[in-house]
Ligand code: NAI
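A single chain comes next, written as C-alpha cells; it is the form predicted alone.
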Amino acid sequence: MKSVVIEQPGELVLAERAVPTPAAGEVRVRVKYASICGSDVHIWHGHNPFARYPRVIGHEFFGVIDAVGAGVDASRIGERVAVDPVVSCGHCYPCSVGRPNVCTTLSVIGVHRDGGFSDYAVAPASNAYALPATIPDKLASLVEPFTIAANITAFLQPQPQDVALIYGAGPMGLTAIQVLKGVYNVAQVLVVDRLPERLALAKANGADGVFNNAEVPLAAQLEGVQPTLIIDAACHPAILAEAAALASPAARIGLLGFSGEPSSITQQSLTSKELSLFTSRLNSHRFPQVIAWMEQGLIQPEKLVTHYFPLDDIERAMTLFEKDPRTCCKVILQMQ
C-alpha cells in the first residue's frame, strides 16, 4: 500500500508499506479521503513536539472498514466510518472525568502512531464512528476538524446574546464561526485576521463582522465593543493579553494554541473582570455530536474546502496548504 511517511523532520516520502493487520479490538479502514491539518505540516518540518518518527501522518480521515481484529463484530465490515484520532486508556483520572483527550498515556493517530494518509489504517474499533448516508464521502474527513470547535464551545457554553470574537480565519476559526452561528445561534460573531481573503471566507462562513488588524489595532476598530466570548484560533502568544484587555467583564476566553513562547499577562487583567479562561486540546468524544450537526445541516463543511488532490500529489498539496493561505483553506486527499 502507499503511505505518506515523514521519515525524519524535513523528509517526506510516498512509500510502499505492508498492509496492516488489525489487532484485537481494532478495525482496519480502507481510507478513501483524508484532509490536511496544520499539525501535519508541523510534523513534516519537525515543529510538533509530540511526534515520533518515522511516522505515517494524517489524523483527519474517512473510509470503509474492510477487516476486524479479534473481539470486533464482523458485521462492521463495510461500514463507512470517520476515525477519531484520540486513543486513550479509559481509566486514568482525565479519562474518568470525561477528558480522554488529555489522557495520561494519550496516543494520537497520525502523531504518536501511524495515521490515515495511507491506503489503509488501523484504529481501535471504538474510535471508528459509522456515518449516515447523508454525509458524502468527499466531506466525511471533515468531521474531525469540527470536533475542535465542538470541544472548545462545550467549555465556553455560548449563548445567543453573546458577542463573540474569533482571532484567526483559518480552518479552526472558520469551524468555530459555523458552530457558534449554526449550532448555538450566537447573534454576533466577529472575526479578526490579517489576510483579506481569509476575512472574505469568514463572511462566507457566517461571520457578522470582520476586522483586518494588519495596520490598525483591533481595539481601535471595535470602538468600545466588549466581546463576551473570545476564541483564539490564531494561536499567537501575544493574543491572550489583548483578549483580556478587550473582553467584557465576566467574559469567557478559549485558547487552542500550542506555542511554546510565553504570554505576558497580569493576574489583575484577568481577576479584575473575573474572566474565565479555558483551554482545549483535540476532542473528548465529540464525534457523535459533530456527525449529528452535519446530518441536521447545522454546519456546512463544504464551505471550508478549496482543493482536492490525489495522494500521489501529497508534497504539492502540503506545500500549497502551508504556503498559500490566501487561496487555500482545507485540502482533501483522495486515496483511491
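Worth saying up front: this structure is predicted, and the values here are computed from it rather than measured. Residue numbers here begin at 1 and follow the sequence given.
Note that the form predicted together with this ligand isn't included here; everything after this is about it.
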Exercise for the section: Go through Lys203, Lys138, Arg194, Arg99 and name the one with a heavy atom inside 4.5 Å of this ligand in the model of the complex. Expected result: Arg194
Practice task
Tell me, out of Arg252, Arg198, Lys181, Arg80, which residue has a non-hydrogen atom within 4.5 angstroms of this ligand in the model of the complex.
Solution key: Arg198
Completion exercise
Which of 91-99, 221-229, 110-118, 169-177 lies within 4.5 Å of this ligand in the model of the complex, heavy atoms considered? The stretch 169-177
Exercise for the section: Flag Cys235 as yes or no: does it have a non-hydrogen atom within 4.5 angstroms of any non-hydrogen atom of this ligand in the model of the complex? Expected result: yes
Problem - Touches this ligand in the model of the complex: Asn48 (any heavy atom, 4.5 Å) - result: no
Exercise for the section: Spell out, yes or no, whether the shortest heavy atom distance between Val186 and this ligand in the model of the complex is within 4.5 Å. Expected result: no
Handout entry: 4.5 Å heavy atom contact, Leu256 and this ligand in the model of the complex
Key = yes
Practice task
Run the contact test on Ile148, Ile239 and Arg281 with a 4.5 Å heavy atom cut-off to this ligand in the model of the complex and return yes or no.
Solution key: yes
